[in-house]
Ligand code: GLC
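Presented as structure tokens, the chain that follows is alone, the form predicted alone.
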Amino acid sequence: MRIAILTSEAVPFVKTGGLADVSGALPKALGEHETDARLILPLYDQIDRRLLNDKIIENVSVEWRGRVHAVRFLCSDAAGAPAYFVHAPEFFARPNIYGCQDDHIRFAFFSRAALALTKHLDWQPDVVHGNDWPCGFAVAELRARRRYDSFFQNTKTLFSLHNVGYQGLFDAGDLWWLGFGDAPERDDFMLERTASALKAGMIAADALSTVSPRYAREIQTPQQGHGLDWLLRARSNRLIGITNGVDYEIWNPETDPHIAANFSADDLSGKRECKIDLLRRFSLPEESDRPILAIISRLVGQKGYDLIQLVAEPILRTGAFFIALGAGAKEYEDFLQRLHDVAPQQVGIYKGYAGEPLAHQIEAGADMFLMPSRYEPCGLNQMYSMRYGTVPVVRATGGLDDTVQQFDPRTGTGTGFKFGPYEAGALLEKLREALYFYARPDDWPKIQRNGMTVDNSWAAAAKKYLELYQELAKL
């Protein structure tokens, strides 16, 4: 099969969140199933040009705003599958990947160019797989083009929803010159008095997927549907939840080049060395018996930082170290800074994105990983943590509930600790429970090994995607 995967970010090229991990890993995993999967994304300034190869595709004809533009594409094999980059500096040579006033224009152009590339290469995809709102334009356009363009007549579309909270909203007055001014496409975009690229993709796609089975159910409710629950319920027969996988070639404590010592479920001794290394990196006392609680996330309310603020003082009173990596809302950045200022020998913070090595070092050196999310479509860090013997403490929502099993001391089963209500007291109770078992040497290594031996690899996830592609191709 031929699968064109369109995305706004992908590792190892550019990353702001879990979408990049999924987009970078899936094409490679599909290739192991003899599937011709190719990745298409914008060429941002932030992409390291050393990851590109010498291949350049010139003069791809892209119709845009009444003119035909000759667009260049650069190429790479660094993700383990062919990747193509739209070279359009006027749209993508920006300080930030997202957050520009003309984001809808930028990604509408990207979508148009990505489809044009497949035609230029005479590489007719069986499925175009778009990811999140930036690719909603491509899904909507492809459905329209099937009415008059024989090249795409048999191409089906899958639209993956990684987070329905981000809907690609823009002024509906721009629909005309983006090429979506006529019905039915215009109506597909309309959401009250504005336009939504996410809604258009959800309506136009032949099938919808999201990143965990529980999240697929949650987004059909008013509480987590972000105003689109009615549409998701209407399309529930076309919606499937497939839990993301983990690329164990990258996230593997036995071979990880970024950590101080390698270790495994059979020999955890290297984890202590990783813990000492982590304490040194954050200039904290090298007291390896004290537990380290860690969090890596965007500093936004979704990630539960309002709860963390409420339990910060009780956490410090336990004597545990607290290490946080992330950037986002000034309110939470200031909170972390104050916490560090109050307890500089107990709190380590890094505000910003320090790149993959530090994330690996935190996963390897921490004892517990905190994810008290208000909602979490899938989450990847809880799975990384389990692989590194770092026990997750999570709220039972979305993919966190699907992937973390509550520890049961009677049976010795379970991989972490889960709480239900979105309340500070519930979070604190689970943290104290985790700290209690941390102090029990017969139980803690058992929890660590339980998590380390769970198979969250991309092999199973890729197989489910392939089955979905095959079903779509038969429609």
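Heads up: residue numbers just count along the shown sequence, starting at 1. Keep in mind the model is a prediction, meaning the values are calculated, not measured.
The same protein also has a form predicted in complex with this ligand, omitted here; what follows describes it.
- Of the candidates G365, P392, G379, P134, G379 is the one whose heavy atoms come within 4.5 Å of this ligand in the predicted bound form; the others do not.
- With the partner omitted here, the residue from A462, M452, L19, V14 that has a non-hydrogen atom within 4.5 angstroms of this ligand in the predicted bound form is L19.
- Contact between R298 and this ligand in the predicted bound form is found at the 4.5 Å heavy atom cutoff.
- The shortest heavy atom separation between H104 and this ligand in the predicted bound form exceeds 4.5 Å.
- Although the partner is absent here, S264 sits far enough away that none of its heavy atoms falls within 4.5 Å of this ligand in the predicted bound form.
- Taking the partner from elsewhere, N244 is found to have a heavy atom lying within 4.5 Å of this ligand in the predicted bound form.
- Just one listed stretch, out of 149 to 157, 302 to 310, 96 to 104, 190 to 198, contacts this ligand in the predicted bound form at the 4.5 Å heavy atom level, and that stretch is 302 to 310.
- Along 153 to 171, residues H162, N163 each place a heavy atom within 4.5 Å of this ligand in the predicted bound form.
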